[in-house]
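The chain below stands alone and is given in C-alpha coordinates; this is the form predicted alone.
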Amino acid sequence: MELKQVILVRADLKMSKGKIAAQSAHASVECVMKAMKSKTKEKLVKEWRSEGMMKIVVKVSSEKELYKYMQEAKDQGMITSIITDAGHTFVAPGTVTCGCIGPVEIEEVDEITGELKIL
(Lines give C-alpha, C1' and ligand atoms only; values in the text may rest on other atoms or scores of the structure.)
Protein backbone atom coordinates (compact mmCIF):
# COMPACT_ATOMS: atom_id res chain seq x y z
CA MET A 1 0.00 0.00 0.00
CA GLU A 2 1.36 3.42 -0.97
CA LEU A 3 0.24 6.46 0.99
CA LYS A 4 0.32 10.21 0.44
CA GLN A 5 -1.00 13.50 1.67
CA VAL A 6 -2.61 16.00 -0.66
CA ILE A 7 -2.39 19.66 0.30
CA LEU A 8 -4.90 21.91 -1.47
CA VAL A 9 -3.93 25.59 -1.72
CA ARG A 10 -6.24 28.42 -2.72
CA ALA A 11 -4.78 29.95 -5.89
CA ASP A 12 -7.20 32.90 -5.79
CA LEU A 13 -5.37 34.39 -2.79
CA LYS A 14 -2.14 34.80 -4.78
CA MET A 15 -0.01 34.12 -1.70
CA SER A 16 3.77 34.35 -1.89
CA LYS A 17 5.80 31.14 -2.15
CA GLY A 18 6.88 31.50 1.46
CA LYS A 19 3.31 31.98 2.67
CA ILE A 20 2.18 28.93 0.67
CA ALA A 21 5.00 26.87 2.18
CA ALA A 22 4.09 27.92 5.72
CA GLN A 23 0.37 27.34 5.26
CA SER A 24 1.00 23.95 3.62
CA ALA A 25 3.20 22.93 6.53
CA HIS A 26 0.46 23.94 8.99
CA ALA A 27 -2.06 21.83 7.06
CA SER A 28 0.22 18.78 6.90
CA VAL A 29 1.09 18.87 10.59
CA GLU A 30 -2.54 19.40 11.60
CA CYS A 31 -3.63 16.32 9.62
CA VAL A 32 -0.92 14.19 11.21
CA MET A 33 -1.83 15.41 14.70
CA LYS A 34 -5.50 14.58 14.10
CA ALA A 35 -4.56 11.15 12.74
CA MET A 36 -2.44 10.35 15.80
CA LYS A 37 -5.59 10.53 17.95
CA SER A 38 -7.00 7.43 16.22
CA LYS A 39 -5.36 3.99 16.52
CA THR A 40 -6.23 3.05 12.92
CA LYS A 41 -5.09 6.36 11.46
CA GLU A 42 -1.98 6.35 13.68
CA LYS A 43 -0.89 3.13 11.92
CA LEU A 44 -1.30 4.89 8.57
CA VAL A 45 0.93 7.75 9.74
CA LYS A 46 3.64 5.33 10.86
CA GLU A 47 3.53 3.48 7.56
CA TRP A 48 3.51 6.78 5.61
CA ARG A 49 6.58 7.97 7.54
CA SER A 50 8.42 4.73 6.75
CA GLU A 51 7.62 5.21 3.04
CA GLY A 52 9.11 8.74 2.94
CA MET A 53 6.00 10.84 3.68
CA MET A 54 4.87 11.50 0.10
CA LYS A 55 3.03 14.82 -0.29
CA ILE A 56 1.61 16.66 -3.27
CA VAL A 57 0.49 20.28 -3.35
CA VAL A 58 -2.33 21.15 -5.72
CA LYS A 59 -4.31 24.28 -6.38
CA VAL A 60 -8.00 25.03 -6.04
CA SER A 61 -9.67 28.15 -7.39
CA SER A 62 -11.66 29.25 -4.34
CA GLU A 63 -12.66 28.61 -0.74
CA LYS A 64 -15.86 26.98 -2.01
CA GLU A 65 -13.88 24.53 -4.16
CA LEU A 66 -11.54 23.76 -1.25
CA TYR A 67 -14.48 22.88 1.00
CA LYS A 68 -15.98 20.69 -1.74
CA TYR A 69 -12.87 18.46 -1.81
CA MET A 70 -12.51 18.47 1.97
CA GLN A 71 -16.12 17.31 2.37
CA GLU A 72 -15.69 14.52 -0.19
CA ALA A 73 -12.62 13.29 1.70
CA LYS A 74 -14.42 13.47 5.06
CA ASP A 75 -17.36 11.57 3.60
CA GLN A 76 -14.90 8.80 2.66
CA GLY A 77 -13.57 8.68 6.23
CA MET A 78 -10.26 10.41 5.48
CA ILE A 79 -8.46 12.69 7.92
CA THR A 80 -8.62 16.33 6.81
CA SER A 81 -7.55 19.71 8.06
CA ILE A 82 -8.47 23.25 7.09
CA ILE A 83 -6.11 26.12 7.85
CA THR A 84 -7.48 29.54 8.80
CA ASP A 85 -4.85 32.28 8.86
CA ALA A 86 -4.32 34.55 11.86
CA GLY A 87 -3.84 37.50 9.51
CA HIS A 88 -0.45 38.66 10.76
CA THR A 89 1.21 38.93 7.36
CA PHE A 90 -0.46 38.44 4.00
CA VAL A 91 -4.20 37.83 4.27
CA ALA A 92 -7.02 39.10 6.48
CA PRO A 93 -7.58 37.36 9.82
CA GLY A 94 -9.85 34.33 9.44
CA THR A 95 -9.01 33.69 5.79
CA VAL A 96 -9.11 30.00 4.88
CA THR A 97 -5.85 29.42 2.98
CA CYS A 98 -5.53 25.68 2.41
CA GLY A 99 -6.47 22.20 3.47
CA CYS A 100 -4.93 18.76 3.67
CA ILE A 101 -6.12 15.21 3.15
CA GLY A 102 -4.33 12.19 4.56
CA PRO A 103 -2.08 10.36 4.72
CA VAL A 104 -4.30 7.96 2.84
CA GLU A 105 -3.94 5.34 0.12
CA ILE A 106 -2.95 6.99 -3.15
CA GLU A 107 -5.77 5.42 -5.15
CA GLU A 108 -8.40 6.60 -2.67
CA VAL A 109 -7.30 10.22 -2.55
CA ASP A 110 -6.69 10.36 -6.30
CA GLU A 111 -10.36 9.50 -6.83
CA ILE A 112 -11.15 12.82 -5.13
CA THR A 113 -8.25 15.11 -6.08
CA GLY A 114 -6.70 13.41 -9.09
CA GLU A 115 -7.87 16.00 -11.61
CA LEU A 116 -6.42 18.98 -9.72
CA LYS A 117 -3.34 20.70 -11.12
CA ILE A 118 -0.06 20.71 -9.22
CA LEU A 119 0.74 24.13 -7.78
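Remember, it's a predicted structure, so these values are computed and weren't measured experimentally. For every residue, the number given is its place in the sequence shown, counted from 1.
Quick note: we don't show the form predicted together with a further copy of the same chain, though the next part is all about it.
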task = Verify the flagged residues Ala22, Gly52 and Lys55 against a further copy of the same chain in the predicted bound form: is each one within 4.5 Å by a non-hydrogen atom?
result = yes
query = With the cut-off set at 4.5 Å between non-hydrogen atoms, does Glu63 touch a further copy of the same chain in the predicted bound form?
reply = no
key: Exercise: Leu119 in contact with a further copy of the same chain in the predicted bound form, heavy atom 4.5 Å   = yes
ask   = If you check in the predicted bound form, is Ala73 within 4.5 Å of a further copy of the same chain, heavy atoms only?
value = no
message = Against a further copy of the same chain in the predicted bound form, would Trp48 count as a contact residue? Criterion: heavy atoms within 4.5 Å.
response = yes
